[in-house]
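Included below are structure tokens for two forms of one protein chain, each presented in isolation as structure 1 and structure 2.
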Structure 1
Amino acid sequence: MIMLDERTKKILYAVVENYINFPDPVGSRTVAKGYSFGLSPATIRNVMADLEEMGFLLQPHTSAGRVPTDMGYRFYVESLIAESAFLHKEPLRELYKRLETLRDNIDILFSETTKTISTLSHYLGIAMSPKPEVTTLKKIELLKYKDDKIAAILFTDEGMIKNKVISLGAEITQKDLNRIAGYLNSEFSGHTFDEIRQKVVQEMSKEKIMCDRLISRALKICQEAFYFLYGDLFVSGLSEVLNLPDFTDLKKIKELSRAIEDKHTIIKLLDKLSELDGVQIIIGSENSMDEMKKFSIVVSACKEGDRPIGVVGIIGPTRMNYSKAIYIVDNTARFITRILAER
């Protein structure tokens, strides 16, 4: 990390904050006037030129003021985190009252959470419900549909219910299904989906020797049922961000809409981020997704112990009110965590 003396830092922060508040490039005069450094514009100009040379600021054109680079935002955000200024603010409890009533239905809870976040922040609210990989099986239920088709319903301790229809290739009676479900429950309930998947593989290799027809069927069903399950991604607030001055450019809107339609990539990204603790921030070009390189992401995982049970966050322009965003995301994540723990 490049070291900057106190005065230079302060000027950088002033530029960033001013730009976050007013979407125009900020000039030396503005900084000198608005932030009482006791310095003349000329001096500020020199410092700003230095900051530009170091890559923290850039000029859109010669006669314009300066705008932070992604590196500039990063430096600013690091200082925000170091100060943890946002932690001292009062929590948003009042605003979450409505969400509280939804605690029982986890999908609706997460989708409504994105709406609350986008209303509060005026950016895109995002949330991902727990990915089944890390959730604990409470009970599995098998139900015969038609011919060789059965439905497998997986209940997790977290309150999620996932279902999958499976074609067996041969008919089966409901009675057999009940026995299979009984076996699977005795064997697997209380384990995470990940553990179950591993166990199934192990059992299947043993099974080759044991050759119990029912058990082998059970394992096959199980393999299908637990294959390829993802958390659901919710996004809302597009009309909020379209009101921002950052989105008067059609090209940028297109990029954003393409980015949020590529749910699969975002899910993978959030998956990775959900492993980490606290608020995570990805600024513009730091993002690995091409369409996201002009936007920033602020997310936090909701955890139960150290197991991630969901992710909430914000997507917005790099010119984002990071302080407010961090504050909202941090608060929301804590709130969801608490709500899910209390249940």
Structure 2
Amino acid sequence: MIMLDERTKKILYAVVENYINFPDPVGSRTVAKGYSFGLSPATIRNVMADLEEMGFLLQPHTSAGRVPTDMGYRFYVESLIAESAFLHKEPLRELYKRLETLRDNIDILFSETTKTISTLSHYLGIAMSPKPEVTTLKKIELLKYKDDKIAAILFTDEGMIKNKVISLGAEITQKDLNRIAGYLNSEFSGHTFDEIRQKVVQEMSKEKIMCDRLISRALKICQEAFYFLYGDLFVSGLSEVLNLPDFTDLKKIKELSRAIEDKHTIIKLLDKLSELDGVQIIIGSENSMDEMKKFSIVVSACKEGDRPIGVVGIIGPTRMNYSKAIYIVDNTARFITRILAER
């Protein structure tokens, strides 16, 4: 990070904070009037010109004030984190109260989390349930569906219920499905989906096991039933975001809509971030997704020891109230981590 002297830092922070609160280019007079720096508008204007030259600020029009660049936001955010400027606030009591009752159903817990953090922040709330490799099977139920299709219902120790329709290529009775479910529960209960898939591959390579028709079918069912590449994605609050002045531009609305629709890319991004500790912030052009280069993401993993058990976060414009967003995400992730550990 480029080193700035204290005066320059204060003026940069003043521009960033002013622009976050009021989405208009910030002039030197606004900074001089709004902040007790004891500096003349001319001095502030010179410092702002230096900040523009260094890449921290941008002047949209010659006669206009200046706005922060992604680099300016990054410097501001790093300083917030270094100073823990987002920690010393009132606990999110309403959020805690709302989520406390949902600890036994992780899907509903994450769904409600996105709605609540969206309401609190006025940005998009996002969450991803645990990845399959860390999701532990409690039990499986198999139901005859139609023709050669069956429904597999998976109950996990984390409180998730996952459903999958599987085509077997041949009809099977409910009695046989009950026997297969009993076998799978006795063999695999308490194992993660990833462990089950690995064990199934090993078992299917043994020809003597494949001779038993029911066990052979059980293993084939396992191959499909436990194959989930990523956790489930939850998104809430598009209406909250569209009320922001940043979204008067139809093009920006379309970009955000495309990003939300491309769930697979967001899931891959969250999957990568879930391995990291603490709050992670990706600002504008730092995003790998083209559709997200005008937006910022603030996320944090919920963990059980070293094991990621989900991700919660916020998506909003780069002109985001980062202090508030980091505070909400950090506290929400910590709370979910605690209530899931207490189950």
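From a predicted model like this one, the values you see are computed outputs, not experimental measurements. Structure 1 provides the reference sequence; residues are numbered from 1 along it. Throughout, rigid core stands for the largest set of C-alpha atoms superposing within 1.5 Å between the two forms.
Each of the two structures shows the same chain on its own, and it is structure 1 that derives from the form predicted in complex with a further copy of the same chain. Positional change of residue 161 between structures 1 and 2 reaches 2 Å or more at the C-alpha, relative to the superposed core.
Comparing the forms between structures 1 and 2 on their rigid core, the Cα displacement of residue 183 reaches 2 Å or more. A movement of the C-alpha atom of residue 244 falling short of 2 angstroms is seen between structures 1 and 2 when the two forms are aligned on their rigid core. Taking the core as reference, the C-alpha deviation of residue 197 between structures 1 and 2 is 3.7 Å.
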